[in-house]
Structures are given as structure tokens and as C-alpha cells.
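Heads up, what comes next is one protein chain in two forms, each shown on its own as C-alpha cells, labelled structure 1 and structure 2.
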Structure 1
């Protein structure tokens, strides 16, 4: 099916209308890997969700520079920090308009009320909107922001003040992250009055470069270029389509056939043919990511350290790197990538030793043939190109030491939801850094505050947590590094996870695409992206 055929099919289903697509150059089609769980960024933690909501529809007070890790002004033009490091005053951009759609027409520009609503909703469970649409905000709480933000207050229409209980060295970077997308307080009030608060997650309103139009689960998301965007030169296409397919081979076929302009996460086996295609570009960069196994320490037998140690040393990582990553990854040793400042190069892996693993399991009283579940992701992620194959190899490795692993999978949104609930024994998961700070790894993934969120091991160790929290409470990088190095040693000793690999990121696209840059955070942003 050529692109014209794809557009014809979408026209037939009513997912797009004819007039905006008169010029093919006005439409950019992105072949994405999965369906978002919703369009309210604060509720979610995965790149699949953020690509479809925060990166397209919303802005934040600060945002990361394109292709980089530096936070720069966005909806806030500047900010001041008090001498004690606990008060941040943001000066807001003037003339920013919220989206006009067939379900909402704003009557005012963006102002301080919108910032206060966005954060009060995450802070205050008694807020009328939160009570009308009860939900949790895992990223916000995983990072301890719910406990550390003492208050958010409107100084005037264009000034907002955040007061913290403790110093947070990465606070501005945290507010540049996707979960901190700014909502319209006016739209929220309208939904609340109409008894439709939950529609904030299905019919989003933001200030971003693209306006939400329609969504058909597991098929397509349609956005329109925002004609009123506050930085109009950054909107290069009239229409942006997310064509959803979980099968990497299908995405590649569509790219080669011209049915999409850009895609992600190609299978390593497809790289040579992609790089040889004269119509395509395949930019690449080292991945700021980690694929790992999380052991749920709240469920037997993973509550025993000897079991976690045994399964860790029973894994043939070298074989997995060869088969799953096929030269597009490196073996992981630590709980974050070696490109992250404060990474401790002195941390080493336990040797691959199935015989020793058997001894440890026997010592822990684990019977031969003990059954566990091993969860495998249904989608490709930047940190894991083939979770099913990895799971099968782990299943084989563990069978050699007497553990029978049954492989389990769910649709991506359900997979994450059930994992947050702690239904897994062991699971394949991973992370791409979100803000360039070590806390985004060591706090967000393994800290006590994250046990009900991204800490899929459900591991809470006081020694470890005290070190990570102390590191966050000082702005001196050398002091922070010393705390983080000690924390990494505890993490390695207690084995709540087994790090597997850091993958190389490849982003295949048509040579007609202009202005796209690979994000170190694994996001796919189409602001400033156009076509020849």
C-alpha cells in the first residue's frame, strides 16, 4: 500500500478529511509502535504515551533543547531561584493560546491559573477536579515531588511561585519532563461543570504544536498543526498522523513503501537493508537507556536475596547481547548507563556461573522445578528490540538451574498497569533517561517513593534510599556523585534488578524528512519537523 492508498483508506474511515491533505507535503506520517493509554501526560510514564500526548499536544514551563539534555525556557520565559534553593519563581510567556477544537473554545490566554491547576491536581487529592476524576500521578510521586512541593501559588497572572520543603538539585529539569505538561484550568472547569472530568484524558487541550483531532485505538491518531502556536515557525506540517503497529517488520515495510515518513526501533536484522535503501536515512546514536529484569521482591521466592543472586548469575548475558541486540548494544552492569555522570565504573557483574546459582537456590530451600512467571513486553522499546526472544533465552538459562519460567505478556498499557499493581514475579522492562540527572535513574526506578510507580521491583531499602535522597538535597555535583556511588554499590549488592543491556538507537526515516533529531531521552518530537 502506497502513501496515497493509506490516505485513501483513512479518508474512507473518516479518520481524516480531504481538504487539509490536498498537499502531501503538508502531512507527516509516523509509524509508531503502540497505542497510548491516554492523553493526560501526568498519569503515565512511558515513551509511547508521551510521544502521543505530551510531545505533540502540550508544553511545559521549561523544555529540553532539541536533541539535548539542557532545560530551556518554554511556557516560562525565565525563572529565579532563592538563595536557600527552596523557592522558584517562574515568569510566564504572554500571548500563548490554548487549542480551539470542536469540543472546546478558550476565552483567555494561558496564565498562572493553568500552572496552579496542573500541579495542585497532582498535589491535592481533595481538589474538586481530582475527586471528580480520581487518578494517580506515578511519575510525580515516584520523584517525591508530592512530598517536596510545599505550595504552588499565583503571584499574578504571569508569575507563579513554587516553594519546596527541601532543596531539589534537579527541580527545573523535573518540570521540563513530559509528566509536567500544562493543562488549561478553564477547560478543566468546563469539564467539571458538565460532569465530564474524565474527558481530560480522551479529549485533550494543550498549548503545543499539534492539536488533537481523532484517535482509533491500535490504528491511528490524527493531529492538526496548531495555527496559533506561540512559536509559529516550529510548526512545519498541516497534519501529523501516528500510524500504529506493534510489528517492527510491518513498520519497516510501510516506511520502505512510502506509507510512513519516519519510524522507530527497527529490528537489528533489518538495519543493513534500511541503510542500503537510497530513499532512507538511518541516523543513530548511543542509547541513554537500560534494559533490565525487575524481580518483585514482595513475592516469594524473590523475597530471598539468594534467589535473586542465583537467577542473576544464571543469565548468559553475552549470548543475549549477540542474539537480541545483534551488535546494536552493549552489556549493562549497573542500574544506569555509563554515559550518566556519577556512574561508578568500579561496579562489576557477578560471573556467569550456573553451578553456583544451583547451590544458592538449594541454600535458599528452593525446590527443583519451582515455577515463576516471567513477563515479556509486547512492543519493541529503544532498550529492548525483541523482548520475546530475550524472555525465551532467560527461560532456557533458568531451566538449567531448576527454575521453570512461564512467559506472560499483555497489551502494553495493560502490561504497565498490572506491573504497577505488582502482579508479576519477574519482568522485562527498561528505561530511557528523561532529564539527564542521576536521580532520574536511581531515585525514579529504585527508590522507596517509586514503589507504587516505576520501581517495578517493589524494593525499598533504607540504606539505599537515604543515600539517594541525600544526593538530591545538595547542589554540589562532587557531593552528589559520592552519594550516588555508594547507592550503586547497595543496588548491586541487593540485586532487585539484573541489568542486561544498553542499546544503540536507530531512527529510520525518509530522506524527505527535514529537521528531526534523535532525542537522548527516547522521545519522538515533531516540532520543527517538515518535509521536502
Structure 2
């Protein structure tokens, strides 16, 4: 055919050559998943945004340890908590410099004003900067910080005090989250004076390990290593590039072709060939996430415990993990992942037993062929690589016990909205942990306060809720663990959800990449990462 002839001709003229340049040393290329919406972390909620702004350009007061869920000092070197657990005093690091770029040159080091500005901006709607550039801070609100922080004040240049309305055992964990990135008050003032407040979202200035250089939408983000970083050993590359590729198979092909050094979220189907490639490493870590089925307990037939139990035991989880997760998943038993402290290992699944499920259904007076809707999200999520496939398999499993499930799917935004309204019978959903605290699972997903929100089962159980609330208002970890273990037992007994799997995180990278650790939160952080 003509086209083949064309290619051959081009090949002969040397137009097409095998893979391009060997990647320059000191340049790390990360094949990312999508374009960030902007570079002001507080406005956004997704990992794609945070990887590109908070993790590279900014620091927080406290940060999660590399590869873990524990908060450790960062811009704050230490903190004291008052007796009543409501006042936090942070001692700030000395000699931290904000970035110098062609659009801003700082005249002073990082100090308490920057912290106060960052949090006042999220708390105070009347702050002049916020009036000039109005924004919402959805994640901040979602974690309840807007309601709980009574006051943020400067004690001296290197000390900041936070006063809370109520005890929050996870407060420092929350401040380590990406949205709490510390901005420069001086830069904000300059922007405000020049009437360009909006540029905070396009031309970011932070204290982080990488300095923003240039962004081309849907193509590339360029960062330079920060030469003045306060922990100089942690900046190991001169250039960091984000190559934006929405398609997972494209990312893998680019990695194999040496066009990028590291990428994320490979499709399970690609894992075998990745692991077989001698040039690649594919480190893995049990996921800090959970994919589950939420049964809407406000709608028949799921208002009956027997029905939920029956459908729960009619599911062949092993088959699902094989086909949907292609082995890259770990069977889930509880409402949170095993890596979460306070996870109760003593709880077990009801065995897979279609015959008994049928009996239970008969006992509950459910007719053969009863129709229910089973919602499947239309998008790939970290906790569920292929919800439609999972739904098809569940449909098959449940048909064997006489329940006819109709698979329903909406466009993602609509899906969540209708689910919040409780229009579903059973739905596939999931969660990735935010801050490493058990309440972020057991309270956020199954508590009474979340019935209009993330509690997609619309399940409000007094016994359970009392336990979870009590745990949240306690600071002692051993006491909290005891509460949460009891709560997990109630959750298992009442079956508002069927946990399916924790998907294992794989992070394919070239063998030349050194020092990368998988973040349980699904972040991709290149601090301390180098290249041979």
C-alpha cells in the first residue's frame, strides 16, 4: 500500500530513526495522567493537581513521611499541643527561602506572616486578597477545618498559634495534606498591588524542592530543581518534566520507549510485560484505598439485613480480583485498608456460598427474579480499575441466586450527584485515604453525619456512630483503637457495604530512577529522587 511505501521512503532518508536522544542526566521525566487545573493547591481536590503544584512547588507545616501516613516536621520544626487539645503552637523553620523566578524575587525569608496569610485566606472571606481573587477551598471545607479553626495568630516571627473549637485528633495530619500548602505573603501582596491576584494560580511561588518554569496545557510542565532548598540533599535533579498523557497504555509505551523515566497507574493488563522488561523496575505497595459496594439501606430490598447478607455471600470476590484487578488487588474484608492503624485483623468474610444466599433470600421473602439496579461508575478510579467489568461480574454472580441486577451508569459528575440523592439500589464506589486517620474511613464513609455525603449506603446506626464519634474526640491512640475495633465489628455485622478489594499500587519506572517511594495517598513526589 502507499502508506507503507511512504514510511519506507522516510525511513530510507533517515527521517525516522529509532528512539530519540538518550535522556539527559539530571533531567527526570514523569509521565503524568492529566493537565492540572492550576497551581494554587487550596482550590483543588485531585491528585493530578496536587502532584503538579503542592508536591513540587510547595511545602506544608508538617508533611507525610516519604512512603508513609505519619505526619512529620517540615516548615514547622516542632509543635506543642495544649492540655485541652485545642491549642497548637508551631515553631517555624529558620532560613527557608521562597523561589526566585523571572516573575518574583523575594526580599525576606519564610516567617509566621506567610503561615497566617495562607490560613487566613482560606478562613476569611473578607481578606483583601480573596476579594481581589475570589476562590473556594473545597478540601479545606471538606475536612471541616473552616468550621473548626477558631483563630490563627502570629506569636512572633517564628511562632504561629492555632486555636480550635473542638478537639480533632487528626489536626496535624490535616495540615500535612496538600491543600494546606504555604504561600508567600510577600508575593501575594505584590500581586495584589499590581492588580494581578489571579496570577497566584498560574505563576506560583513556594518554598518547595522544585521551581515552576513553564506549563503547556495537555503537553508538558517544566520545573527546575530549587538550588536554595532548605534541605539541599533532597534536590537531586536539575530539571523535572511532567509529560501529560491521559491514556494509560500510551504512558506505558512511552516508558518502554525511554521517553519517560517514571509513570503511574499502569493498567493491570500491562503489568506482566512491565515486570518482564529488564530495563524497568515495578515497585509495588498495598493500596491505601478500598473499592466497595454500597447497599442503599433506605430502599427495599436492601432495607432487609438478610438481603444484604445474602448478596454479600453470593459474590465470588476471588474471581473479581482475578479479572478486574488482574491480581493487582488484595481482597478487602473491612471498611478500611489493613495498613491503617486500628484495623481489626480478627474480622473475617462470610464464606462464598450461593446456596445459603438463596436460602436467606427466600427467608426474607424475596421473589426469584427480583430486579435491582447496580450502579457502575463510568471512570477508572485508583480503587477500581474497571467498574463496568466488575458490575458485569456481580450481575452474573447475583443472577445465580435469583437477583436480576440492571447495570446503570451515568457520566461521573451526575453519577455522584444522583448517588448523593440516594437514587441507587446498590452501587460501586470507593475511597482513597486523605490523611492517614481511621476517622477518614470509618467516620467519613459510614457515619451518620455523612448520610447526605459520602455515606452512600445512607446507613445510620446509633451503636456504630457513637463509637466513631467518641474515637474522634479522643487523642489517645490506644483508646481510639479500641473504639474503632468495635465499630468495625458492627460494620461487618450490619453489612451496609461489601468491601471488594484494595487495589495494589504499582509504579513502573526505569531502573535508573533512584530513591522513589510509593506514597500511600497516591501522590507522586520527586523530592529526594535522583537518576543514575
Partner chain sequence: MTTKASLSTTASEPTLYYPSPLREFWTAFSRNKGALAGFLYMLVLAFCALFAPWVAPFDPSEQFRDNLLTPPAWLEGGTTQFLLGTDEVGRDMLSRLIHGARLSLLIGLASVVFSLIPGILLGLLAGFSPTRLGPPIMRMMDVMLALPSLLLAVAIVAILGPGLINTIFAIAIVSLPSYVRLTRAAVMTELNRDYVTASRIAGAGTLRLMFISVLPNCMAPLIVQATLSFSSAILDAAALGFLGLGVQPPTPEWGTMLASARDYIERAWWVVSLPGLAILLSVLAINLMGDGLRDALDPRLKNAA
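Residue numbers count along the first chain shown, from 1. This is a predicted model, so every value here is computed, not measured. Note that the rigid core is defined as the largest set of C-alphas that superpose within 1.5 Å between two forms.
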| Structure, 1 versus 2, that is the form predicted in complex with the partner chain | 2
| task | Give the rotation angle, in whole degrees, of the smaller rigid part relative to the larger one between structures 1 and 2, based on C-alpha superpositions. | result | 30
| How much does the C-alpha of residue 351 shift between structures 1 and 2, in angstrom, given a rigid core superposition? | 11.4
| said: Core superposed first, then measure: what is the displacement of the CA of residue 471 between structures 1 and 2, in Å? | reply: 3.3
